[in-house]
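Take a look at this one chain, the form predicted on its own, written out in structure tokens.
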Amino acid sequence: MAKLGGTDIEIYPLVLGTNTFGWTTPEPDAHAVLDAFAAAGGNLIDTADSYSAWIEGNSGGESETVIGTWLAKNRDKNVLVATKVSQHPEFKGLAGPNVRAAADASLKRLGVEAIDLYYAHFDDADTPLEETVAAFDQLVTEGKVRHIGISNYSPERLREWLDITERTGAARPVALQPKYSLVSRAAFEPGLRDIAVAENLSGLPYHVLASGFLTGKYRTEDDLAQSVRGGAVAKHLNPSGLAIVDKLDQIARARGVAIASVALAWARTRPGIAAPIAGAREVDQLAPLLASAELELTADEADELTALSDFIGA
């Protein structure tokens, strides 16, 4: 188990991503995934108020609503929920009144008294950062939010946020959610990583399986047609990307686990990373994700993977 930032909260080595809930994962299947995750010891669920507003017929908040109906039946599970603000169609940006209104809407959909971890989803250059920091701090003061996280910020803007909290005494962030994987390291390393380590922020990265590329599912151009996500992984079908998959495969075979398990376990070996985020559309997809939480790579295994990805950017 890892600690959440400077708090006393211990989190399972895998965070459950839920952006498919209410989209490609119907509510009964989503509840089954949540049941299995909690039964395995998982205790942090990640969502956002905008999931899945990009689908025709959806308006945003679908994932939160599905989680809320599960939480209503599982109050005894002590599962924590992280959600985000800035991208919901009705609550765009991070102006103070918008942050507060979005939080109230998320609380209602989730059916909880407080959001355990509330992220600024994307930076809002049109709103003074002092206003955003104050809005998040007010939510903590009012008891509507327990802890603050930051997602998709540049190192410079993250540092500015931290400087404002130092100057004003506002509640400090405890978590950081960057895009990060063996084939996409530049958004986190070195800038955000160094701040996370120095300031005791828990890195909880998304996109760690690179839209499925790091499961070994895609090895040739013909494989891209297997999934709607094929187009998103085409850029990784190159000698560098395939060398990483080959090494993951080698380690996975030696350990008797899935390739995805190794890719997720690698992320936990990296400085500043507490637990990766990964989602499952159905229960059968959850097993290799959960297995990653029990897998501890050797230093040599981790170093070999890191060396293969050293020159891979965003």
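Note that the coordinates shown come from a computational prediction; the quantities given were computed from them, not determined experimentally. Note that residue numbering begins at 1 and tracks the sequence as displayed.
The same protein also exists as the form predicted in complex with a small molecule; that form is not shown, yet it is the one meant from here on.
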236-244, 144-152, 164-172, 89-97: which one contacts the small molecule in the model of the complex at 4.5 Å, heavy atom to heavy atom? 144-152
Would you classify residue 277 as touching the small molecule in the model of the complex, given a 4.5 Å non-hydrogen atom cut-off? yes
Is residue 184 close to the small molecule in the model of the complex, meaning a heavy atom pair under 4.5 Å apart or at it? no
Is there a heavy atom of residue 281 no more than 4.5 Å from a heavy atom of the small molecule in the model of the complex? yes
Within 4.5 Å, heavy atoms only: does residue 208 come near the small molecule in the model of the complex? yes
Output flag, 19, 51 and 285 jointly within 4.5 Å of the small molecule in the model of the complex, heavy atom basis: yes
Quick one: from 128, 212, 191, 111, grab the residue that has a heavy atom within 4.5 Å of the small molecule in the model of the complex. 212
